[in-house]
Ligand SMILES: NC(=O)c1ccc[n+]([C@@H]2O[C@H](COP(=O)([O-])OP(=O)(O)OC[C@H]3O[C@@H](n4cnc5c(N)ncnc54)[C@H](OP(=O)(O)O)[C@@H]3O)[C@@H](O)[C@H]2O)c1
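Take a look at this single chain in structure tokens; it is the form predicted alone.
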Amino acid sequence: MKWGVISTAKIGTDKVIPAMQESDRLEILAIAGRDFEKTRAVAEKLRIPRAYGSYEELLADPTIEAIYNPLPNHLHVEWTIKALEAGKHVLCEKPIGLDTADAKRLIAARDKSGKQVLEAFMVRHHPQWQHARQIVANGEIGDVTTVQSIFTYFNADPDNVRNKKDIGGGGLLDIGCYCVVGPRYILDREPVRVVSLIDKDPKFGTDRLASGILDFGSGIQASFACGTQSAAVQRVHILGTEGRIEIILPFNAVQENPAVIRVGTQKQPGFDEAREISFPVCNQYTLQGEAASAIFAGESTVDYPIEDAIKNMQILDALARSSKTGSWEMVA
């Protein structure tokens, strides 16, 4: 599968592109940016054969089969549609759009083009998440009662895209989306209603701290906190009637080290006595690129189509509404 990248965004140049280049199942042939000299320098550094000074030029390249889109949030849908219209498959960074209405535009574009669109939630490709999900499915920790997630970092840079309200900045869209997709993945079900509390930065206008509860029905809850101006931490706890799972580094697993999860029983007082499960060193971005390539090549079925991304967006929208109404909001 021959790939092109639109944008020299840091997530792409620092993490995703180098990881994808580790695979012999795909090839990154081109990268495009608005500043040709900068783009050419990035291409040389990352050993990408072609550099383009516009996204349009890359999309016109007939040898490119798939596009990775790490543009700022407000450009996700626009340029994904243009890539589809150019006959390319697309792996688009999360969140898939600014809101549900924005994201739904992708359905018609996908159907008309006959190409696929995937949202880049790399965590679903990491063995630690897959194993945790299997433990839950096997009933090893009994009936799941709650999934608790925390994901924070500190970034007060006014020039950073995450702190620009008009282009989709803020913690809920940037990292809160992981705290939503994680429980959905583990539980393999959808929440029916949500409630949230959001604090906004007085200068940026973006959400800097968001907390929420997702009601999955049948007494099953997920809760989370995400923030952009707090000490950096991330953790996921999955609690059941007979045991619990702790994912140590759930979202930014370090590819140089084995990932570790802890599985405890109901009778153990703390995770110090829990059983540790270690996973071989891997890069979740590499695995994501390989999975996307297989889907685009027709070698694998589409496990999470654009409709799944829209479901995640609907939950994020409901959380945003709840912060304004101060009440539970139905997911729709």
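From a predicted model like this one, the values you see are computed outputs, not experimental measurements. All residue numbers are counted from 1 along the displayed sequence.
The form predicted together with the named molecule is left out here; the points below concern that form.
Query - Touches the named molecule in the predicted complex: K10 (any heavy atom, 4.5 Å) - result: Because a heavy atom of K10 falls inside 4.5 Å of the named molecule in the predicted complex, the answer is yes.
**Report entry** the named molecule contact in the predicted complex: H131, any heavy atom under 4.5 Å
**Finding:** No - in the predicted complex, heavy atoms of H131 and the named molecule never come within 4.5 Å of each other.
Query - Non-hydrogen atom contact K45 with the named molecule in the predicted complex at 4.5 angstroms - result: Residue-level check for K45: no, no contact with the named molecule.
**Report entry** Proximity of A137 to the named molecule in the predicted complex, heavy atoms at 4.5 Å
**Finding:** Result no; A137 lies far from the named molecule in the predicted complex.
Requested in this report: Tell me, out of R244, H89, K94, R184, which residue has a non-hydrogen atom within 4.5 angstroms of the named molecule in the predicted complex.
Outcome: Only one listed residue qualifies here, and that residue is K94.
Query - Heavy atom within 4.5 Å of the named molecule in the predicted complex - residue from V77, V144, A120, A253 - result: So the residue touching the named molecule in the predicted complex, by this definition, is A120.
Query - Non-hydrogen atom within 4.5 angstroms of the named molecule in the predicted complex for each of R34, N73 and Y285 - result: The answer is yes: all three residues contact the partner (heavy atom, 4.5 Å cut-off).
**Report entry** Residue stretch of 166-174, 236-244, 214-222, 197-205 approaching the named molecule in the predicted complex, non-hydrogen atom distance within 4.5 Å
**Finding:** Partner-contacting stretch among the options: 166-174.
Query raised in the report: If we check the named molecule in the predicted complex, which of the residues in 148-185 reach within 4.5 angstroms of it by a non-hydrogen atom?
Result: The stretch touches the partner through V161, R162, I167, D174, Y178.
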